[in-house]
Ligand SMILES: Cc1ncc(COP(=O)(O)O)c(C=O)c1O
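Only one chain is shown below, in structure tokens, and it's the form predicted on its own.
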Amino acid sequence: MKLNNEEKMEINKETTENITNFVPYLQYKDNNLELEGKTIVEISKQSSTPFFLFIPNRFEQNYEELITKLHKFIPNLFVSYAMKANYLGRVLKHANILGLGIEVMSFFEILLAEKAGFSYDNFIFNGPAKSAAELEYTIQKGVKYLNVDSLNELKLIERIAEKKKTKQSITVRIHPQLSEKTEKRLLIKKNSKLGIDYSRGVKLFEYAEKSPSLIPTGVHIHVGTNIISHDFYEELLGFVNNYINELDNKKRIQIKEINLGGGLASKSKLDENGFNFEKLGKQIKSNIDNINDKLVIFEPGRYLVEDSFIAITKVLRIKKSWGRKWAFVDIGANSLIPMRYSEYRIIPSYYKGKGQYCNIGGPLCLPVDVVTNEAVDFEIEEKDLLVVLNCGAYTLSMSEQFGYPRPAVYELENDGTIKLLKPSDDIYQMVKESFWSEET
């Protein structure tokens, strides 16, 4: 049966609505993809491809949803942005303006947080091997949240605090006791380099309790990424509650802070999987005794920033081989880091209808340079503009100059124009740096 033009348009409309179902800031109008009222084609005229585009409104909406819904059930809540997800200066400043704290893991990130204007009252310092210089610097500055990963680190913090004649509050990062089924699904497993087993964690708390220079204040648990399961939190919270109650009842150590880390999937993925922050708030309230007397801390990174960025790229080449169709674009794995838990999605700037299934690859001469593991099923041709979704987390912060320069980064302004935040790498400067020793 042949379809007339109106029937084809209606089918295309249903398809494009499905494509943007969980990214409401993108919509198709007459098959043209629009971002807050401007077509992607119009936006792309302001820069050559490829480039990243930061959407601050989405970042703010993600934060507001989390803080508003959790606050209904958790009176004392502190949300801190995990800088390692994306340390672009504009993102950091935006996080600071919104009132988030900042989670850092190195002196480099400490300096970035300072530059963005964060107060040390809002710093969370993580990491399994903080140097003496880093600890001296942050303790002198008055870092409020210091997560400890080992006994030797705790003793080093004690010596520094004693020398500086101060008392330093600490939180111990432990690995929880979870079911074998849950443990297998975790990114950070019990034999990981990160954290300490829960029984040794008790010894760290005991040591800190006896020290005149330390104040044991909290438990820190971070064991995963792309978390979308309420069942996981139910099990985790049950363990946390029992653990802190045992510390109180058996060791007379009172825990005032519960740091549940980060690991939440992006907002769009949580929506897609029916995850609800009100339900999470209820879980925390019902599982943690005396919740009103405790500070609950979250360290989201991916959740806030992953779907706050898109990348715009152009199709350079189409080929068919071994029964497969490939489209090669001008953005590669040097920028779109191919992590197993990243979920980049590709949609067209102009929807031409259904087409042959097509794999999307980047320009690098590497087999892993595949933008998405799922083939797209829309019509695609050379010179088409495509949009990469969910590319704000661990892309810019882990990008590298491998074969190609790293793309420019822009911000979407309220009037629909785009503002340059970071230029693309200068390939001539890249060449110069490669021959630095010969030119100096």
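One-based numbering along the sequence shown. None of the values given here were measured: they were computed from a predicted structure.
The next section is about a form of this same protein that is not shown, the form predicted in complex with this ligand.
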message: So this ligand isn't shown here. In the predicted complex, which residue out of 348, 362, 300, 216 has a non-hydrogen atom within 4.5 Å of it?
response: 300
- prompt: this ligand isn't shown here, but in the predicted complex which of 144, 84, 175, 269 has a heavy atom within 4.5 Å of it?
  reply: 84
query: With the partner left out of view, is residue 138 within 4.5 angstroms of this ligand in the predicted complex by any non-hydrogen atom?
result: no
field: Non-hydrogen atom contact residue 224 with this ligand in the predicted complex at 4.5 angstroms
entry: yes
query: Do residue 262 and this ligand share at least one heavy atom pair within 4.5 Å in the predicted complex?
result: yes
- request: Decide whether residue 126 counts as a contact residue for this ligand in the predicted complex under a heavy atom distance cut-off of 4.5 Å.
  value: yes
Interface segment, criterion being heavy atoms within 4.5 Å of this ligand in the predicted complex, picked from 301 to 309, 278 to 286, 113 to 121, 204 to 212: 301 to 309
field: Site test, 52, 90 and 343 vs this ligand in the predicted complex, non-hydrogen atom cutoff 4.5 Å
entry: no
